[in-house]
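Quick heads-up: it's one chain on its own, the form predicted on its own, in structure tokens.
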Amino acid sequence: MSASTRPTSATQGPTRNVRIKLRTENVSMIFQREGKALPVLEDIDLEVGDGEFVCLLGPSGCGKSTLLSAMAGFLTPTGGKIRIDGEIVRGPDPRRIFVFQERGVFPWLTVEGNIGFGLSKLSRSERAKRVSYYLQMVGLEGFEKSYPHELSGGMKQRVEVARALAVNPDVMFLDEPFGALDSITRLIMRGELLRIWQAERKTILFVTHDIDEAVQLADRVVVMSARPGRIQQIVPIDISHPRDISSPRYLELRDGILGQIGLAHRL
């Protein structure tokens, strides 16, 4: 058996025997602030399987967005290595797409212009076909000619997800993409993202500080400590989709994470 397909422990690697897509090896990050060292991440070891949906969960300032940015190649770790498909990540790559919290749509482009932005190498007909496919996938038919200022927050996020998927990435990095949305729209967008993930099976790394969001979405939840961020626990979510948020197992998993971060008896 090759190293990339070896069985991994339930704590650090996928619960299923799948090919390892992304691996962090003793990753640390230290920032310099006013001449002083500020440790942000410490000894992060993690394996993510091909097609797996993993949520990084933790309090504000714990380094989860920093870790995501390092995985995507926007930051270089102070220590350790990050590998995707066995190769060390040395910078951003068009095969890996980063989705921000309502900051990624171009206001001067229409919906179809945004979705097709990264498809300039395709022929006009292929580009139109792919844009149409993802417009339909995210439920934005009829809004092709609309501009971002004419869309709701949830619709803008659909545009951002569609644009990310249209370039056919290997990995999607999502940094609290629904954090600015109201609670109802957030629930709808979670369902939409799950539907798309089940259809496309992209590898997804998703940062959140919302425990319910993590348990509703992920194959595994990576619980991080306060800064400097370490992995406290990795929780496999052994419930099939769609998930019943009132089921005993769901509540058990959610409450277990609450206990892990010290909030079980404070709510």
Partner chain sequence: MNSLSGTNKLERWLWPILATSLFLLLWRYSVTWSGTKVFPSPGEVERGLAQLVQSGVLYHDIVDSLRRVAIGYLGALCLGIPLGLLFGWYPSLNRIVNPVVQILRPISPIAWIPVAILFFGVGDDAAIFLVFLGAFFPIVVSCVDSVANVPLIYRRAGINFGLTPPHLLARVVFPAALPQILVGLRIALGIGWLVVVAGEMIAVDSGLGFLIIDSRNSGKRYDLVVGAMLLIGVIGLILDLLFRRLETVKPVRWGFRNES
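Please read all numbers here as calculations on a predicted model, not as lab measurements. Residue numbers count along the first chain shown, from 1.
Beyond what is shown, the protein has a form predicted in complex with the partner chain; the following relates to that form.
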Exercise. So which stretch, 176-184, 81-89, 193-201, 162-170, is the one near the partner chain in the model of the complex (non-hydrogen atoms, 4.5 Å)?
Worked result: 162-170
Exercise. Heavy atom within 4.5 Å of the partner chain in the model of the complex: which of 75, 155, 131, 137?
Worked result: 75
Exercise. Does the partner chain come within 4.5 Å of any heavy atom of residue 189 in the model of the complex?
Worked result: no
Problem set entry | Exercise: residue 120 in contact with the partner chain in the model of the complex, heavy atom 4.5 Å | yes
For this session: Look up in the model of the complex whether residue 93 has a non-hydrogen atom within 4.5 angstroms of the partner chain, and give yes or no.
Result: yes
Exercise. Is there a heavy atom of residue 106 lying 4.5 Å or less from a heavy atom of the partner chain in the model of the complex?
Worked result: yes
Seminar exercise, completed: Across 225-259, the residues having a non-hydrogen atom within 4.5 Å of the partner chain in the model of the complex turn out to be none
